[in-house]
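Given as structure tokens, the chain that follows is alone and in the form predicted alone.
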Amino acid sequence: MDNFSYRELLDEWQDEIRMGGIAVKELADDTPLFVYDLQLIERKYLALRNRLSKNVKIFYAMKANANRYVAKKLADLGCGVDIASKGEFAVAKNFKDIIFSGPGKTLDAIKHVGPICSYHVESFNEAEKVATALSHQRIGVRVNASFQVDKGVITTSGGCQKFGIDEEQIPLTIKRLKKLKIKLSGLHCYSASGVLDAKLLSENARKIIGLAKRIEDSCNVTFDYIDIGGGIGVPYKKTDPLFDLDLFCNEINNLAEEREIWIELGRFLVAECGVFLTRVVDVKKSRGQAIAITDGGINNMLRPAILQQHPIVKADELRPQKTEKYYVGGQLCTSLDFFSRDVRLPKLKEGDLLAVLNAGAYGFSESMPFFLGHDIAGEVAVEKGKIKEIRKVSAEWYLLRR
């Protein structure tokens, strides 16, 4: 199955998690640890690429995971990249096509990154900075549309937003942009992330294309490309639907008949490629509730505490006969430090290896690694039975150098 979720991977693994052909328990001498399977990234990327026409360009949203081996894998596959900082640019240099998005771009950052495929400007002030630093640079204008996608994990259009230029301000903004020494080439509109309803996301894409055509007609401009953002979600729960990739890609191919369509994806490309491994260091009961304390916490992987949705399993016992309900949390001195307050696992003991799934997106990249001085999670990239990278930096090393 080329379009898959963590549920299909559990079926493939059967009894224990294997990443890149290696049982993760063989990699877990030093936890907490992120493990990335580069083959899974390739499977996910090709599932999308093979369904899309040549007129649709895919960009990897590096904010999801900036590990250099993850990035290089996608670059080697021919993917473009969407960056949002100078730091991400350092990892993005293997990519042929780079776009720079995100609010608050500074003149220093623009000069540092230099000429690229396109800058997506989020205000007229940003456009002036691009024109100052890079004469005749290609840009896309990001629009905060009047419509939004209501069923996403995060909504980034409609109402008051720090992203983009309000739709009603676009005509005046484009009039001013025409006076700058830059090339207005595209329109960018990113409405939501984590959407599982392909019909909803397809309808949103049609609305963005319609918005672009209205702006072209009213402002006497022609866009070379339209960036519809991303937003494809992945299942985190047993009851979550698998995104209908065929339906969505067919719709995007139809919309791309007239010009280039760009899409930016992070979570869809890399979520399932990663597992976060953490060992149980204590098991206790509090007023009848079983609690497993782990050596990794929300300092290593914050998102489960925010959304309470990542699947958690015992890494070497995926088909337990009996389970009980656990709270699972780390060693941090804060009541926020829980990966889950409602997960069924086999009976746990000290030393057991747990895996938080879908950790390839917004795992390490969204963590708080120096909070409370606990160990920083390592990262390992594996492919076809070979270890590509092991990275580990101690919090103690960092804190003594502050």
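What you see is a predicted model, and the numbers here were worked out from it, not measured in a lab. All residue numbers refer to positions in the sequence shown, first residue = 1.
Another form exists, predicted together with a small molecule; not displayed. Remarks below refer to it.
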| property | result |
| --- | --- |
| Contact flag, Gly297 vs the small molecule in the model of the complex, heavy atom cut 4.5 Å | no |
| Close approach of Ser101 to the small molecule in the model of the complex, 4.5 Å, heavy atom | yes |
| Tyr36 within 4.5 Å of the small molecule in the model of the complex, heavy atoms | no |
| Proximity of Ala377 to the small molecule in the model of the complex, heavy atoms at 4.5 Å | no |
| Interface stretch in the model of the complex with the small molecule - options 367-375, 46-54, 336-344, 60-68, non-hydrogen atom within 4.5 Å | 60-68 |
| Partner-contacting position among Lys73, His310, Arg142, Lys105 - heavy atom within 4.5 Å of the small molecule in the model of the complex | Arg142 |
| Residue among Lys207, Arg267, Lys129, Arg138 with a heavy atom within 4.5 Å of the small molecule in the model of the complex | Arg267 |
